[in-house]
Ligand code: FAD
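The data below hold one chain only, encoded as structure tokens and taken in the form predicted alone.
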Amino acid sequence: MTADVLIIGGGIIGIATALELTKAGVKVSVVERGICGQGASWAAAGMLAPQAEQLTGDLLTLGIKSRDFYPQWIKEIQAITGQSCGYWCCGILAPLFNGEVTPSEYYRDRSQLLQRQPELGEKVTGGMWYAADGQVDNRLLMQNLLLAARLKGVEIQEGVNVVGFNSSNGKVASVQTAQGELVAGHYLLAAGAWSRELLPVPVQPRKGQMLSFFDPHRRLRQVIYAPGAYIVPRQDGTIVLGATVEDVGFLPGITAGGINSLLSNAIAVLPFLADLQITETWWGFRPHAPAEIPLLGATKYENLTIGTGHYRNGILWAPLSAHLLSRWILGQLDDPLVQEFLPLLQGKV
């Protein structure tokens, strides 16, 4: 395989960047150790919640800019595939309990919240309403991204485990896999929580357990971001509930304690959830980086770029990360967004 750019990792960051690079006529190949889109991108809930999550500093700036990319980004993807990505700017409600009041333009009292979302638990006495936050169906989005990438000529190989880089004179000469060497002009490492197996990056896995219900009455009208649980309705009646945050390495599996904590926290906010049937449980591993700031841009190798460490916000940051990474790889350093985030992109690992 010879390509202009070889991307290691078939999650949302890798595939989104591959699609972005094709706009410039770049020949892109992607290799994925498992099945594309079946890692953290598949296990997420798809919240677009920079305000509801109360991000601060650079994280908030990144989040709002990327959230604002979403309508046009989704439109472009759907124009290629002809299929819905499940994008929904439904707003996010962050409940407060036991009389807590936060002076803010976003604050709503209980009576106002009940007009928007009936059947709230009695302990909810008010909350914050973030109308610009929303969600996307992350699984539909990944399906569409993969289809769009393939339709635009991206070569995607699954079941290819990259085990190391072969380097010379400060550049990557090739990547080594069980099937042999792969060569490209430039390389992007976007392997999520597994990135540190190839480069000594400060990224660690954080396990998240999740589950889903189905509500035929579609009573939930927006995302609810509650302490210890977020509750995300899909337009088909599915409700996604997540997620634990566990520092347990790559330990797989669902635990009774993890699911119990999610259910307890969610039912306190929406008691009707107790009567719904659980339709699915799953888990995944988020790539956690120091201060939760993603690792983007330069590495010690001249022709190796990194895009990992998005932790809980990989879905949110995907369109902006793809823009920044593609411009960085193409050497378009005069791009306004590249200039804005240049210190972040120049951090070598």
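Numbering starts at 1 and runs along the sequence shown. From a predicted model like this one, the values you see are computed outputs, not experimental measurements.
Here the subject shifts to the form predicted in complex with this ligand, a form of this protein not shown in this document.
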- Considering 320, 28, 295, 31, which brings a non-hydrogen atom within 4.5 Å of this ligand in the predicted complex? 31
- Query: Of the residues 184, 210, 120, 96, which one places a heavy atom within 4.5 Å of this ligand in the predicted complex?
  - Reply: 210
- this ligand contact at residue 81 in the predicted complex, heavy atom, 4.5 Å: no
- Item | Distance check, residue 316 to this ligand in the predicted complex, heavy atom within 4.5 Å | yes
- Give a yes or no for residue 63: in the predicted complex, does one of its heavy atoms lie within 4.5 Å of a heavy atom belonging to this ligand? no
- Task: Decide whether residue 305 counts as a contact residue for this ligand in the predicted complex under a heavy atom distance cut-off of 4.5 Å.
- Result: no
- Query: For the spot marked by 85, 149 and 327, is every residue within 4.5 Å of this ligand in the predicted complex through some heavy atom?
  - Reply: no
- Would you mind picking out the stretch of 257 to 265, 158 to 166, 124 to 132, 108 to 116 that comes within 4.5 angstroms of this ligand in the predicted complex, counting non-hydrogen atoms? 158 to 166
- Could you run down 160 to 199 and flag each residue that has a heavy atom within 4.5 Å of this ligand in the predicted complex? 160, 161, 162, 190, 191, 192, 194, 198
